[in-house]
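Only one chain is included here, represented as structure tokens and corresponding to the form predicted alone.
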Amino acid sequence: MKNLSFIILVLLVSCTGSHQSKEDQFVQNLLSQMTLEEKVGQLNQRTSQWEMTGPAPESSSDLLEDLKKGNVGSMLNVAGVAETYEAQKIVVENSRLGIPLLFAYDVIHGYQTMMPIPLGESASWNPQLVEESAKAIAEETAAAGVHWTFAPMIDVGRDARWGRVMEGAGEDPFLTSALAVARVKGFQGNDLEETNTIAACAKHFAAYAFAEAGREYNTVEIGDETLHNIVFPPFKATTEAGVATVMNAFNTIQGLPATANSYLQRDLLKGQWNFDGFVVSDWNSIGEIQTHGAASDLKEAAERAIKAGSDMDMEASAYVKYLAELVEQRRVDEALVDDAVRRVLHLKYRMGLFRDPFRYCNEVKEKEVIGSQAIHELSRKVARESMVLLKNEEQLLPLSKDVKSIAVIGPLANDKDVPLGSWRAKAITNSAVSVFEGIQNAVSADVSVQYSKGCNLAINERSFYTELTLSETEQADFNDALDLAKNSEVVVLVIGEDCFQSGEGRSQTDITLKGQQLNLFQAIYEVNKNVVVVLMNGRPVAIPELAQKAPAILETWFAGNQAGHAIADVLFGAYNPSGKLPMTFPRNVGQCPIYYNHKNTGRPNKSDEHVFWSHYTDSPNSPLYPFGYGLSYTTFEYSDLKLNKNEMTTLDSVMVSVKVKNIGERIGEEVVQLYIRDLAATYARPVLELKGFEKIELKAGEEKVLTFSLSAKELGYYLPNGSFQFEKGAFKVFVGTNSQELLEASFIVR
């Protein structure tokens, strides 16, 4: 730290005025001392090439030299106090100005202790819980010496084929916005200088989830109206919430790579929305500008990216190779470089790294925080609130305490790794509680709980290949499961996806159950009708056969470290399921993309006279399970939907009230959902739009009146040019338990 302490002392002494002006002056003073090469270095993010606690191999000498020169501003995939300390030490003790590194890591739903995957967590419809989860994740991450996570992913996703839907909050911009803000608040807290917080990153800007055919990294063709009303709202919300960074996207939009899109990054994000953080590219997305065919070489790609507003280059090495040269050739104004560097330095200042570059490096804290009992207890709490009861005929669930024998069957029934999910950071392999273990722990010693695998978890074989030949071992497993099912009171069948069937690069054309899983269900159902299907998956799956036959279906997603205990909590009624689907479940893949907030067509209604209306000839239009759907062990009755007025002005608001009563025999939680429809606007509006929700708990027999407010903010929409418009006319308002079971009222805007 030979140069850093002196520079900091001089700069701090020279700073006067408010806290903000001190920060500004500090950054400006430091920037004025930097060479062009050092400035470019701050915009260069590199991944780890060796264990930082050991000597650098010859093959990594270039990275070591860049670190010593201060030509690296951030590193990713360096985690753990020992690792981050050594990497930081290389920089602050050898570089001329000793500007500390930012350490980044893909902490998506946990650092070592896994929470449910984000799509599952979003099924809780509970922003407070989501914020609590993100806060705990931040504490574990920060304790490992990491400053910055590449989360939350807030791409609104409508296509279940796209593997990264597991990483987001589903298909709706209103729900996604609410949960995105909660995650940012949880990660960043009230002050980034606190060492139990980390910088968040809203990604991917923009329209990444609209990849054609749901295929990862594919081209995006999307209208401006959809961009402004569906894609942009979560990003605008997180910007207003103070998100520290934004990541751009791999895809093109109307032929222009997002990383080279100045409208997205300069005009909208940094201009209209006044975003004061910095934009980081996705992995080599600057280099991929050339691959897209929008630059002749890497040098031109660097030029296009910096001009468009991409501040930090992740792993393309485009800036460190060419940006100084571009400035010297006057192809790039150095003011653009200064602006980008200033943004990076501001974050480092706000995190207190100039005051103490090693302030996150506390080995005692690392041991105390990571994997603590408290975070595991929270993981269990979040997991059970994320689960969605899809079906429960004849109240098969919750399972009776008097049951004497339970068969726990399926390729995922005793799996301790798959529940951890994809994007698992530093999770310990096979550290999850399996469903078999959870059920064993939940019942008394008098209950017989036995396990059988039944079949393998094939990830490539389509379920309709019923003629698949089983090996001798596989046939024995299948027969063993049937024998166990025959001799048990109830079967808990745990099936679904491998956790690496979803996630980045895991798009699929077939979203049914793979291999022999469906055949296993059908065979078991023939010998024992008391089958509870427990699903584990990272996307909506097409399960029409299960929906038709299975008496009970519980969607558990990939629920994290405490999956087995949380699932058992729900199965035996220790927790009454309250989750609601954040994404529509299709009947078949041919319906994809399918989403509730679609626009009407000119021919939406069935005709008995001809076939010329918007439909399929081989499948209903309706989903298998709609957005917002989820059952409970109790029943909620909705009544007395009232508006405080039937007419309002564009400057006014209307209050919507509804009575919700628990008419069942158990305490339960319900997500009350409010939707609107603008019946006649300049641009056609969706048939439904979520504009409010509230999760409430009601005891048996208890009732509550909820009130929502609708004003221009909820009733208006964005025109294709990005301007917000609230138009006069007729509106409908709907309140109910999901996007299909709704009470309805109307009002007029004069």
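If you're wondering where the values come from, they're calculated on a predicted model, not measured in any experiment. Numbering starts at 1 and runs along the sequence shown.
Absent from the display: the form predicted together with beta-D-glucopyranose (BGC). The rest refers to it.
- Determine whether any heavy atom of Glu504 comes within 4.5 Å of a heavy atom of beta-D-glucopyranose (BGC) in the predicted bound form, and answer yes or no. Close contact exists here: in the predicted bound form, Glu504 approaches beta-D-glucopyranose (BGC) to within 4.5 Å, heavy atoms only.
- Quick one: is Met247 in contact with beta-D-glucopyranose (BGC) in the predicted bound form, heavy atoms, 4.5 Å cut-off? Met247: yes, in contact with beta-D-glucopyranose (BGC) in the predicted bound form.
- Do Met314 and beta-D-glucopyranose (BGC) come within 4.5 Å of each other in the predicted bound form, heavy atoms counted? Contact with beta-D-glucopyranose (BGC), yes.
- Message: Whether Asp282 contacts beta-D-glucopyranose (BGC) in the predicted bound form should be assessed with a 4.5 Å heavy atom distance threshold; does it?
- Response: The answer is yes: Asp282 has a heavy atom within 4.5 Å of beta-D-glucopyranose (BGC).
- Item | Option touching beta-D-glucopyranose (BGC), based on a heavy atom within 4.5 Å in the predicted bound form, out of Leu76, Val672, Ala425, Val658 | So the residue touching beta-D-glucopyranose (BGC) in the predicted bound form, by this definition, is Leu76.
- Message: Within 4.5 Å, heavy atoms only, which of Lys514, His204, Arg539, His565 is in contact with beta-D-glucopyranose (BGC) in the predicted bound form?
- Response: Exactly one residue meets the criterion: His204.
- in the predicted bound form, segment of 523 to 531, 360 to 368, 320 to 328, 196 to 204 with a heavy atom within 4.5 Å of beta-D-glucopyranose (BGC): Among the listed stretches, the partner-contacting one is 196 to 204.
- Task: Let me know which residues along 130 to 159 have a heavy atom within 4.5 Å of beta-D-glucopyranose (BGC) in the predicted bound form, or say none if there are none.
- Result: Residue within 4.5 Å: Phe150, and no other.
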